[in-house]
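Here you get one chain, nothing else, as structure tokens; it is the form predicted alone.
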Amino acid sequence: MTRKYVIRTFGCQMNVHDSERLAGLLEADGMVAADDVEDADLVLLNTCCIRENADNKLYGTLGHLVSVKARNPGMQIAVGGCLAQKDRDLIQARVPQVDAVFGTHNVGRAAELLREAAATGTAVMEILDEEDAFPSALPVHRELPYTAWVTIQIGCDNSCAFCIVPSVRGKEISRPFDEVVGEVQGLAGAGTVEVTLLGQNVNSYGRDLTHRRPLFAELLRAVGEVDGIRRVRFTSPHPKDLRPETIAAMAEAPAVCEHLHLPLQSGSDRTLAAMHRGYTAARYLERLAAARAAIDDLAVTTDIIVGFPGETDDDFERTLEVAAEAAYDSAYTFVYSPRPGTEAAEMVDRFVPAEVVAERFERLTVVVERSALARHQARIGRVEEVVVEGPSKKHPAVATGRTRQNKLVHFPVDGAIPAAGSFADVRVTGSAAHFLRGELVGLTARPRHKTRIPLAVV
């Protein structure tokens, strides 16, 4: 009988792509996807450890799975990913029913470890501390054939005081240039029209290959030239490493989308220094201005942490000022969460009271949503090219798609919803802080061309 699996993913885009690779490995091993954990022979949890609630989610989910396994003793439970890398044997100590634990550096061994656990009847754990080279390409199972994640780099060489990623993902290792381009060519040949390049700090891609200069701008241009690829995105860049040649590539390569995610984290120079971010607020705004001057119709999103240890009222006011000046299209705002093993987690005597953080968070939300709504209102009347994602979750007769700026657009259609991955022209008729509303003008097969604008020197 064919065994069935379910994968549950927690965390960032890197984890989402790792789950696609895990699904590919399991299917190469003869398994098929199950609709529900009750029908599964294997439930694999791919974990995150960036925030404290990730731990709570994992152990809450494991508690439920233990009860499912009691009804289905043959079911296996596996835990992989960043939290597995961090907690190691703690997971099986807390939940002995877990059959296999593996970390971020041995995803390719998942199916083999599960076979070993089944054959021996004992739990297995394998955590590697580091990888010496970029891991070999693994089979991938993608839910959406028109879009794909492409990992160009693993690990991180930065030392942000709040971040545990270097501890669980290891040092930066870049994937060979030709291998990345080759994967994108293969994806395009299979019908993919949009790719997102993934790395913890994509701006420094290739520095370990050349031993001197990053290659990210060249990679953007090369991927953008692959026949059949109409949209190229990337995440995440680091502001200190955003270079003029990368801005130029974004401005000039037709396939590269007009969307830049540029994490601010704080607008206070004092807090940025404590975070070890490597830039000041003024330098951040200079690079943002250079990108906007060079790239026509650029949408900018960001990450901001509220309540970093030692953040004063004045520090937070600086963050509000920078957020207002930057006028973001959207922002991911987070309450600071201490992660054991990071420098900031040791600053216990400087933690900001929860009620103060909550009040600051609400004030920041007002500022961010004000600029987001204003930028969306400015698009009313424009015709946007969108990639159709499918029907709206709330209204089956309404289609959902994304613009090149990565803005979500809802638009009603007569008859069948256009196929996922098709392109449509949609006139924007209304807006909210987090999405646009529109009307279908028509389906289109033509690519858009980018106007070249002189690059502002950084």
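The numbering used is simple: start at 1 and walk along the sequence shown. Treat the numbers as computed from the prediction; the structure is a model and nothing was measured.
The discussion below concerns the form predicted in complex with S-adenosyl-L-homocysteine, not included here.
The closest heavy atom approach of Gln97 to S-adenosyl-L-homocysteine in the predicted bound form falls outside 4.5 Å. Though the partner is left out of this view, Ser337 does reach within 4.5 Å of S-adenosyl-L-homocysteine in the predicted bound form, counting heavy atoms only. Though the partner is left out of this view, Arg277 does reach within 4.5 Å of S-adenosyl-L-homocysteine in the predicted bound form, counting heavy atoms only. Heavy atoms of Ser371 never reach within 4.5 Å of S-adenosyl-L-homocysteine in the predicted bound form, leaving it off the interface. Of the listed positions (Arg51, Lys69, His410, Lys57), a single one reaches within 4.5 angstroms of S-adenosyl-L-homocysteine by any non-hydrogen atom in the predicted bound form, namely Arg51.
Checked against S-adenosyl-L-homocysteine in the predicted bound form, the candidates Gln265, Ser330, Thr192, Ser268 yield a single residue with a heavy atom inside 4.5 Å, and that residue is Gln265. Contact annotation: S-adenosyl-L-homocysteine lies within 4.5 Å of heavy atoms from the stretch 233-241 in the predicted bound form, the single such stretch among 249-257, 287-295, 106-114, 233-241. Not one of Leu272, Thr319 and Phe351 places a heavy atom within 4.5 Å of S-adenosyl-L-homocysteine in the predicted bound form. In sequence order, Phe162, Cys163 are the residues of 137-176 having a heavy atom within 4.5 Å of S-adenosyl-L-homocysteine in the predicted bound form; the partner itself is omitted from this view.
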